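Before any questions on binding or motion, here is one chain by itself as C-alpha cells, the form predicted on its own.
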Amino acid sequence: MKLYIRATGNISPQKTFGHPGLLAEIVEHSGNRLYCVEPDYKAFIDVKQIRRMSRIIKMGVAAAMECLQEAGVEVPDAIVTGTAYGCLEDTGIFLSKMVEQQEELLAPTAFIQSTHNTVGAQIALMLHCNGYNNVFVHRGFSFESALLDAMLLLKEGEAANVLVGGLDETTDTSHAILSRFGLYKKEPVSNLNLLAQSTKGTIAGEGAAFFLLASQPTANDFAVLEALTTFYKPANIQETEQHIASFLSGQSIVSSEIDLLITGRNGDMEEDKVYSKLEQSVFDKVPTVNYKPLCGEYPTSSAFALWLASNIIQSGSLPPSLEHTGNVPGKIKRILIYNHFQNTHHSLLLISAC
C-alpha cells in the first residue's frame, strides 16, 4: 500500500528544522560524534514543560509539532514511534543515582522518563490525542517497524493519517560504552571527510525525524512511500543481492529505473564493503548519495534518509552541497534507500513522486 508523506519535521546534526532550504549549507563536525543543531523549543513547547524534559524528549516533541503544523493537522489519528535506545539521558541519570544513593530515596522522575515510549506519550498528552499510540524497539529495524505498523493501520482503515517518527540520542555515557566495542573511530575525523577514511569504525549520530503519513493523496504531499522491506543477517553478498532483486521485482521495476540511490555508507572499512560490492553489481548504473556523513550512525538513522529522500523528491533535484556519484537526472522522480546497521539489520525503502 502506498503511504503519502504529507509533512515532515526533522532535528538533526544539520540545519534541517524549520525547512531553511534543503541542505543549503552542510554543517561540519570534527571528532567521532555528531550533535544535533537544536532550535528554540519555546515556540513549540511550554516553558514550564521544557524544564522537565530531557534533550531527546524536546527534540522528538518539537519535530512532531513542526510536522503537524506543516500538515495543518491538530491531532493525528495515531502516533507510532521507533527508537532503539530510548531516553538515554534519563536512563543514565537514574542508574547513576541508584549507585550513588545505594538504591535508597530515589526520585522516580528520571525512571519514568527513561522508558522508550516517553516521547510518543508526551506528544499524545500535549495534543490530547487518545487514539492508537505505539512504540517499536527493534534495534536497527525500529523505524522501519513503525512505518510498517502505520501502513497496516492505514490499510485496515483504522486511521486516515498517522504521525510516525524515528529518534535516538547519543550521550556521553552511551558514547563511552559503545566506543569500547570499537564502533567509532579512534582518531578525530571531519564528517565531510568521513568516507575517505579507510579505517575501522564510524562516527556517532543522533536525530529525531517525524512524518505525517496518509492513505489518500493531497496536492501538497512531499512524496509517496511505495514499499519497504527488511531482512536480517544475510549470509553473504549474494543473499543480499537476491533480497534486493526480489524487492525490485515485487514493485515491477529494475535498478536502471531508479533515479537516485541513497545508501547508509558510514566510513567503516568493513561495513562499507557491502555498499561497494552492490554498486558494482545490482546498482552499477544508479547514481548514488551517502547520507550518514550528514547525520552520523545510529539505529534509526533511516528516518533521516527518508526525510532527505522526501525533500529531494519534492524539490525534484539534488542539492548542490551533496556529493554524489554517477549521472543524476535533471528531474528526480524515484529514489531507493538502502541501509544496513552493523551488517545485521538491512532495509529497503522505495520513494517516488506523487
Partner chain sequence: MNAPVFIAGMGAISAIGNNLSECLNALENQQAGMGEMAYLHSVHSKTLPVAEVKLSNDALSEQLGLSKIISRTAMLSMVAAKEALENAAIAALSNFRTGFISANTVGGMDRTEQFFNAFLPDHKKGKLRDVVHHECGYISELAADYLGIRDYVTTISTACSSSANSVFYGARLIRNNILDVVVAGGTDALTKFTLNGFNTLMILDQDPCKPFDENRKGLNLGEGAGYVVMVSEKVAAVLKKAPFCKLSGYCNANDAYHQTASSPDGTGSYLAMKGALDRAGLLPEAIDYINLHGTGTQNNDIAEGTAIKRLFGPVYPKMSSTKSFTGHTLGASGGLEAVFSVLALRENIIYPNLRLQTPMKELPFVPETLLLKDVSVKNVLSNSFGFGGNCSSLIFSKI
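Computed from a predicted model, the values in this text were never measured in an experiment. Positions refer to the first chain, counted from 1.
Only in words, not in the display: the form predicted together with the partner chain, which the text now covers.
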Note to self: Looking at 178 to 186, 262 to 270, 197 to 205, 247 to 255, which stretch has residues with any non-hydrogen atom within 4.5 Å of the partner chain in the predicted complex?
What the structure shows: 178 to 186
Margin query: in the predicted complex, is there a heavy atom of the partner chain that lies within 4.5 Å of any heavy atom of His345, even though the partner is absent here?
Written below: yes
Check: Even though the partner chain is not shown here, does Asn117 get within 4.5 Å of it in the predicted complex, heavy atoms only?
Finding: yes
Margin query: Within 4.5 Å, heavy atoms only: does Gln280 come near the partner chain in the predicted complex?
Written below: no
Check: Quick one: does Val137 come within 4.5 Å of the partner chain in the predicted complex, counting heavy atoms only?
Finding: yes
Next item on the list: Give, in sequence order, every residue of 62 to 100 that has a heavy atom within 4.5 Å of the partner chain in the predicted complex, or say none if there are no such residues.
Entry: Ala84, Tyr85, Thr91, Phe94, Leu95, Ser96, Met98, Val99, Glu100
